[in-house]
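In the block that follows, a single chain appears as structure tokens, in the form predicted alone.
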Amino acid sequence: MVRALKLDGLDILIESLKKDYLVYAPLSRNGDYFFSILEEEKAYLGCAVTIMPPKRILQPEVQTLFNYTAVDGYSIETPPLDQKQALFGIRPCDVHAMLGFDRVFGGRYEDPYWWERRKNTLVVAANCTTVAEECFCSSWGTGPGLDANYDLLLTDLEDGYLLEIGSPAGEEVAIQLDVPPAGEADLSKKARLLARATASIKKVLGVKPTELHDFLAERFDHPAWQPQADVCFSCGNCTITCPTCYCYNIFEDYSPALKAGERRSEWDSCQLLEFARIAHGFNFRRTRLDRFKHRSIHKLSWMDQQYQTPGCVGCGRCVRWCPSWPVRRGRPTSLADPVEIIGDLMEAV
């Protein structure tokens, strides 16, 4: 059984974390939420997903990979990445997305930049005892509760917080806290709250995840794709705010004499026209239809085939931040919503 503590509030935990970690947490900004460095503000642990996923802390939108000089020899300088940091209040869906990044950036060719930050990051997750209207995590088994892959796990019990310890690093933090152990009543209440949250999820993927590959392969030329793509702006919002999208581009800035320069990475999106442009200007996904279809099938099928991890975790960010909401079936509908995409493809031709 995982050891658990009962906290009256979060202050004692946060202050303990700040002794050894740079703490990132969801903070309110004009009614929306962002993962930012926690200083004097209060962390928000209600179930409203942050605009940008916490992946940006481990894989920044723009990051310098190294600087180089070619004066009196050749040298490379890599920025330090060994800052100890804590992701406080990260949701179960985002933890699952982070595990997906582990697979993408692990394996045969590891990304040292990801893993250097990852090994120095403490995961302080928070279960969702309420859910947002865009959430469909239960379709993927990625929420609203988390069972593993955390250092510390919080559950809001309404009369306090349950704190579960899931790793030696989490135990090091917990032993500094002068708080009582949790009892069976606390664990039972957690189970009831999570069951209630699961029952309140209204959005459901119409096809089981294990059946999505065959379902999409059989409907690759379904006529529903075209009207979906026709009202897509191809802006990339759905991919930039997605916690599992990992694509980036590499750029070089160098001096006119080619004696010094910087190599950096920047996030990229398969929804942008230039993403699939190659030598001599050829573009094998020039049409908006091809880009729309690629993003949908990669998320729902191909990523699982390639990395054995789903490309969607049901967080609902793509639903919330898609700027195209045409009226369909008599109501405004997000074009990026996987539930709606699958629903359209289920209709008979």
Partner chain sequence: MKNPYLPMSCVIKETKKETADIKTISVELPDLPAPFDYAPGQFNQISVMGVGEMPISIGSRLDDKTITHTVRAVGEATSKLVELDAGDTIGLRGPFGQGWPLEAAAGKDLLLATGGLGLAPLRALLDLIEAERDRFGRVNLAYGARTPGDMIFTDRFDRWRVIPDFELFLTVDHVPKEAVWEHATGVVTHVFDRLTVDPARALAFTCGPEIMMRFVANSLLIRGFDQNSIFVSMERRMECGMGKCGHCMIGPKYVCIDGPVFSYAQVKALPHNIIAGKGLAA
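Since we're looking at a predicted model, the values are computed, not measured. Positions refer to the first chain, counted from 1.
This protein has a second form, the form predicted in complex with its partner chain, left out of what is shown; the following refers to that one.
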Counting heavy atoms only and using a 4.5 Å cut-off, do 110, 246 and 254 all touch its partner chain in the model of the complex? yes
In the model of the complex, does residue 274 come within 4.5 Å of its partner chain, counting heavy atoms only? yes
Looking in the model of the complex, any heavy atom of residue 289 within 4.5 Å of its partner chain? yes
Is residue 278 close to its partner chain in the model of the complex, meaning a heavy atom pair under 4.5 Å apart or at it? yes
Can you tell me if residue 225 lies within 4.5 angstroms of its partner chain in the model of the complex, counting non-hydrogen atoms only? no
Partner-contacting position among 156, 186, 151, 268 - heavy atom within 4.5 Å of its partner chain in the model of the complex: 268
Its partner chain isn't shown here, but in the model of the complex, which of 69-77, 187-195, 203-211, 125-133 has heavy atoms within 4.5 Å of it? 69-77
Hey, which residues along 281-316 are within 4.5 angstroms of its partner chain in the model of the complex, non-hydrogen atoms only? 282, 284, 285, 286, 287, 289, 290, 294, 298, 302, 305, 306, 307
